[in-house]
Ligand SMILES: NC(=O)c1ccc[n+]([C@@H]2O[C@H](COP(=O)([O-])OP(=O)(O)OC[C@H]3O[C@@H](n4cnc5c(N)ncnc54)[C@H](OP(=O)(O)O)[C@@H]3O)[C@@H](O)[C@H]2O)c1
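In structure tokens, the next block holds one chain alone, the form predicted alone.
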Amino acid sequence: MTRLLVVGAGQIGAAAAAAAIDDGVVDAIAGVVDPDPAAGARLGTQYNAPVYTSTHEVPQARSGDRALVAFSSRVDVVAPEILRLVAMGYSVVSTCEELAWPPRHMWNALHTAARTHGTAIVMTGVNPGFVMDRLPLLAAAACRNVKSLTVSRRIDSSARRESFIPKTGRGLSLDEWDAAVASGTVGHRGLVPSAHLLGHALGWPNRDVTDFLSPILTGDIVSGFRQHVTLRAGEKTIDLDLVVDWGLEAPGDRVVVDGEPPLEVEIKGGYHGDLGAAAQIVTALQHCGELPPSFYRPTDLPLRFG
């Protein structure tokens, strides 16, 4: 029997748990961990699973048990939880954006823990995880002499989950926006990791990365943001451009490769962030037991399993 421990009973964790059960990837929910007793109880009751307020309370894993860690974008918050779960025998899938390109000491700790305890740690998601790293890398791999890689993503935030909206800054004044930028509560933490993943996978040395974030205004009130990350490696460049706005027209994703031959890939309407996250998580949960023990960033994963 394959069981899933859900750490983070928010919308992403709940949707992924439902998808994993529906697709037959896991047989049961082993438990739910959330510091909010009400949130944990809602999901725990749904699957007749025990509820914990901390990973310190979680029992040792049984053979085949997996854990989904989906409650924070910050690697310094998530990594200690993952290390604790791995030490208890769980293979772990996480949606933490910063985990896609963690500091070197953190990468070493995660890799060593996975190897020591014979489990896999997999970072997955939509962005990072697919739209701005794995998909562009697949396109670039079909070309020679790649000079530049440009990825643009336009998201209509009105079509996204409620918990996503505060990250867009919607409803803030400019002073409130500035304070939110300073505290790191607006914008997207995944763009810089995706740029690093692409530069590393393309084998471009001496990389320099810049990150620019600006609000989109309706009158004097913020409705969304634009974030642009540029990676330069000599004369070669990677540009990642993200626009998120309420009611944004013509959402979509586009990858442009300046290589031989030149290549352009477009997802009309865009790859849905919430539905896509559940799909990416389920795939990772399904296959993490097949992977040799290690820590896997999105571009470390094989395109085909089996």
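The model shown is predicted, which means the values in this text are computed figures rather than measured ones. A residue's number is simply how far along the shown sequence it sits, counting from 1.
One more form of this protein exists, namely the form predicted together with the named molecule; it is left out here, but the text below deals with it.
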Inset, instruction - Can you work out whether the named molecule is within 4.5 angstroms of a heavy atom in all three of Val186, His228 and Gly270 in the predicted bound form? - result: no
Inset, instruction - With the named molecule left out here, work out from 136-144, 172-180, 91-99, 209-217 which stretch has heavy atoms within 4.5 Å of it in the predicted bound form. - result: 91-99
Inset, instruction - Give a yes/no on whether Ile238 approaches the named molecule to within 4.5 Å in the predicted bound form, heavy atoms considered. - result: no
Legend entry - 4.5 Å heavy atom contact, Leu4 and the named molecule in the predicted bound form: no
Legend entry - Contact test in the predicted bound form: Ala16 vs the named molecule, heavy atoms, 4.5 Å: no
Inset, instruction - Answer yes if any heavy atom of Val126 is within 4.5 Å of a heavy atom of the named molecule in the predicted bound form; otherwise answer no. - result: yes
Inset, instruction - Name the residue from Pro262, Pro35, Gly247, Pro59 that puts a heavy atom within 4.5 Å of the named molecule in the predicted bound form. - result: Pro35
Inset, instruction - Sort through Leu43, Val26, Val257, Ala277 and report the residue having a heavy atom within 4.5 Å of the named molecule in the predicted bound form. - result: Ala277
Inset, instruction - Select from 10-27 the residues with a non-hydrogen atom within 4.5 Å of the named molecule in the predicted bound form and write them out in sequence order. - result: Gly10, Gln11, Ile12, Gly13
